[in-house]
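What follows is a single chain, given as structure tokens, in the form predicted on its own.
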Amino acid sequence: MIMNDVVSRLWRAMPVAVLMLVAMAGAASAQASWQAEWDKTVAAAKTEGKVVVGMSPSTVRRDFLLKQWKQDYPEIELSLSIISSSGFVPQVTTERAAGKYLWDIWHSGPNFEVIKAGLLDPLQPEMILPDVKDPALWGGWDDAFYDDGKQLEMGLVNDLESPYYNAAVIAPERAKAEGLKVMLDPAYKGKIVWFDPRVTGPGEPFLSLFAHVFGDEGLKKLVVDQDPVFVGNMNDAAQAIVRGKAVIAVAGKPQSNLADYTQAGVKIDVRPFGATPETAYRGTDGAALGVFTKRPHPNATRVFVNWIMSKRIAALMSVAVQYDSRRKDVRPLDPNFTMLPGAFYIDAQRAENHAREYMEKVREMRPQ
């Protein structure tokens, strides 16, 4: 009788055990599958010996990529070139008309001219590593990709961008209470410095934020009545703040823009207006990722894509460049300046938020 009970329990347990063994075998098989593909791709990439990347003008990101890649893949040369968003597409189009296919990776801000020219392939087929391929870790593909088709240009960072101000002139309590409306105070006419929003660059996306907060009439008042000073680079904006010629700057992040001055001992208290949807837009800085069609080093391209999207590199790069990774499993740098859960932020670098249309309006209001 006892033996029969034992046999009966064993018999009932067998389906569970079999299912566990099948599941374990399936997981092992899946790992073996992607691992074999990865190993084969890395080996082929080493044979190619090079990957060519066009990237945004961030010296910090450039230096990090060059140093870390050399440590991880010394057999594969990483060729990085700083590209001009406005002039790059005509350059590549001319090259290709001459039969020259020179570029593998796009790593700059979202650029819809690149897409219109048909220069990019879908990115997802290049993903091999399981965590890289998991859309949940990136907030879903619809959120991570910036192109309309959600397949060509993917953002790697969450970049909250807010105008910043001199806290010795504008009380932080007022900035917190009034937010960006402070910018419309007639007292600051001619005291706002702005990376020229009439051209493609870091000043343009703020137009979507200002239109969202102020409305069209408020945007016109800011651009015309407040007479902001348009500049062509970040350093000019920083100088204007440091020398007291401007009180408010619309030009990227103060910690990076003013780094040279603070390191030199200049004492200045500058602060962003905030991290709320009413004071900041969300973008991906110059950290969108795409792959070119007819790329000369396809295997090295796949290695680079999976490498830069991996958790390890995402975490290291976040610290190096001081931007939050879009990966959900990488901790934000500053909990006080990160996205509020469930809040809606203007994604100013997306086509549907019409920054380009506002740019045309600004050109009409303030001709170059």
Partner chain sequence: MTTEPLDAVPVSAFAWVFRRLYMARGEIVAAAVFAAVAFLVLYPIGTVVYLTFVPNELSGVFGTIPWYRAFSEPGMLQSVLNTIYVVVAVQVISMPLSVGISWFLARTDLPGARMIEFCFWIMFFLPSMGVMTGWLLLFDPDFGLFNQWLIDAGLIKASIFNLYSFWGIVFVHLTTYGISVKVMLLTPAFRNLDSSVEEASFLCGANRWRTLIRIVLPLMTPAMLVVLLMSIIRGLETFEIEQVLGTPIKFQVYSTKLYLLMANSPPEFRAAGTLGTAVLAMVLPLIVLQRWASTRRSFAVVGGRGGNARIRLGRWRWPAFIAMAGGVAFMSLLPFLMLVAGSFMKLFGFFDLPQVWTFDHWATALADITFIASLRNMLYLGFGTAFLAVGIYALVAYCAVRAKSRLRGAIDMVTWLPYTVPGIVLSFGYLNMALQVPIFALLYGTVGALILVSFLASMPLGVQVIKVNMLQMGTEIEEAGRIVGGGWTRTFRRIILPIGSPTLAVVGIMVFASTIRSVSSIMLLSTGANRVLSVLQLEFLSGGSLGPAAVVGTVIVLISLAAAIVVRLVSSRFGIQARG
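This one's a predicted model, so the numbers in the text were calculated from it and none came from an experiment. Positions refer to the first chain, counted from 1.
Absent from the display: the form predicted in complex with its partner chain. The rest refers to it.
Asks: Where does its partner chain sit in the predicted complex: which of 235-243, 290-298, 211-219, 153-161, heavy atoms within 4.5 Å?
Replies: Selected range: 235-243.
Asks: Tell me, which of 276, 124, 255, 93 has a heavy atom within 4.5 angstroms of its partner chain in the predicted complex?
Replies: When its partner chain is considered in the predicted complex, the option within 4.5 Å is 93.
Asks: Exactly one of 148, 178, 131, 260 has a non-hydrogen atom within 4.5 Å of its partner chain in the predicted complex; which residue is it?
Replies: Only one option qualifies, and that one is 260.
Asks: Wondering, does residue 230 line up within 4.5 Å of its partner chain in the predicted complex on heavy atoms?
Replies: Answer yes; at least one heavy atom of residue 230 falls within 4.5 Å of its partner chain in the predicted complex.
Asks: Any chance residue 359 has a heavy atom within 4.5 Å of its partner chain in the predicted complex?
Replies: Yes, contact at 4.5 Å.
Asks: Within 4.5 Å, heavy atoms only: does residue 87 come near its partner chain in the predicted complex?
Replies: Yes, residue 87 is a contact residue.
Asks: Report yes if any heavy atom of residue 196 sits within 4.5 Å of a heavy atom of its partner chain in the predicted complex; otherwise report no.
Replies: Output for residue 196 is yes: heavy atoms within 4.5 Å of its partner chain.
Asks: Mind listing which residues of 261-281 have a heavy atom within 4.5 Å of its partner chain in the predicted complex?
Replies: Residues within 4.5 Å: 261, 264, 265, 266.
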